[in-house]
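Quick heads-up: it's one chain on its own, the form predicted on its own, in structure tokens.
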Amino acid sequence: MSERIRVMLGAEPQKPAVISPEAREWHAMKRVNKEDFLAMKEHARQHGVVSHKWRNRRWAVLLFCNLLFTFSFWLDIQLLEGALTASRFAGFHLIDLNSALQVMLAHKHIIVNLFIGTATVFFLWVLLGGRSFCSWVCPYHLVAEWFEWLHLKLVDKKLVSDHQFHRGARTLFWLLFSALALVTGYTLFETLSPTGILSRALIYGPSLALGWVLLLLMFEVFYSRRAWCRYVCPIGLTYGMVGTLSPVRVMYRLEHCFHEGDCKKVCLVPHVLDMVVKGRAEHTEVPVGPDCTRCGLCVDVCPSGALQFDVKGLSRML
């Protein structure tokens, strides 16, 4: 677990020092020459069933959550009031953990009502785990996902190239935004966050701040794939830390894997799938780390079912 947290903070995944005897047997059985390996990968791709099941479910949940804010406000039914930063659902206060942290740092003391309001959100994301908030709730994630399709098309036609930064930049930005809130007394990140800007625009109407969101999207289309989510956004890092011990995860099963690598190509955070590289899995079953957004794209694209959603302690009973 400590290794996975280290990777989430920006370190590169390392080859495991110890591999279980069962995993070693599977690795040995998979030692084939290059031609056979390529043929095996091609066979897996050709026989894989194309599915968008988890992507469609995720989009439906994300749109439902965000439109519930919108219609509650427009129809004045007061079911879900506020925005993603801070809201109230059927009387329960829901406050974004990162926003609450920024506000308390800016005020330089623990605000009791704010602390209580984070409790529901905290336990929800402890249960669901990883960065589920990012892919299942955040409106910027959905918009960036659509623009990512354009970026990949341009890369495929060799009109642009993807520029990558060190993943540790996100940890530095987390520290920087926290320090700025503490020193200045202002929550600067909340002003810049495309998550908050889009959430408020959906509920209260568009503002000039949408120009900033458009600039971010253009940067991601023409220069660096999903740069905000991968290298800047502290919200993802906060929820990743909270969901480290979650029972809900994506499970990798070595015996089913053909190592064709399609899962890493669609993944927003491909470093969490380092175990799919031949020889890297330390056990026959390996849970994907807490930096995973639980988006399900790898589950949809995996031709052999080696990656599946799993609930710890419950899946074997079902």
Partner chain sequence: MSELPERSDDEELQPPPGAQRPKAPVRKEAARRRFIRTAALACGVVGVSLAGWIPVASAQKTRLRPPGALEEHDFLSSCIKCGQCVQVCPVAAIKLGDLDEGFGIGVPYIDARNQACDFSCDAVQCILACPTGALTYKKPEFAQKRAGMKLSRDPVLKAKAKDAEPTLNLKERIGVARLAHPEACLAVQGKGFKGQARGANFKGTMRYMEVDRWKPVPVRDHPYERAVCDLCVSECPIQDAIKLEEFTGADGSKRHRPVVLEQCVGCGVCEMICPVEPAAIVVDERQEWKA
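Note that the coordinates shown come from a computational prediction; the quantities given were computed from them, not determined experimentally. Residue numbers count along the first chain shown, from 1.
Heads up, the form predicted together with its partner chain isn't pictured, but that's what we're talking about next.
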query	finding
Partner contact for Leu188 in the predicted bound form: its partner chain, 4.5 angstroms, heavy atom	yes
Distance check, Phe177 to its partner chain in the predicted bound form, heavy atom within 4.5 Å	yes
Cys134 within 4.5 Å of its partner chain in the predicted bound form, heavy atoms	no
Contact flag, Ile111 vs its partner chain in the predicted bound form, heavy atom cut 4.5 Å	yes
Selected contact from Ser87, Ser246, Thr238, Thr171, since only one has a non-hydrogen atom within 4.5 angstroms of its partner chain in the predicted bound form	Ser87
In the predicted bound form, the residue from Lys278, His256, Lys265, Arg57 that sits within 4.5 Å of its partner chain by heavy atoms	Lys278
Among 134-142, 149-157, 89-97, 119-127, the region lying within 4.5 Å of its partner chain in the predicted bound form by heavy atom distance	89-97
Members of 228-261 lying within 4.5 angstroms of its partner chain, judged by heavy atom, in the predicted bound form	Tyr231, Val232
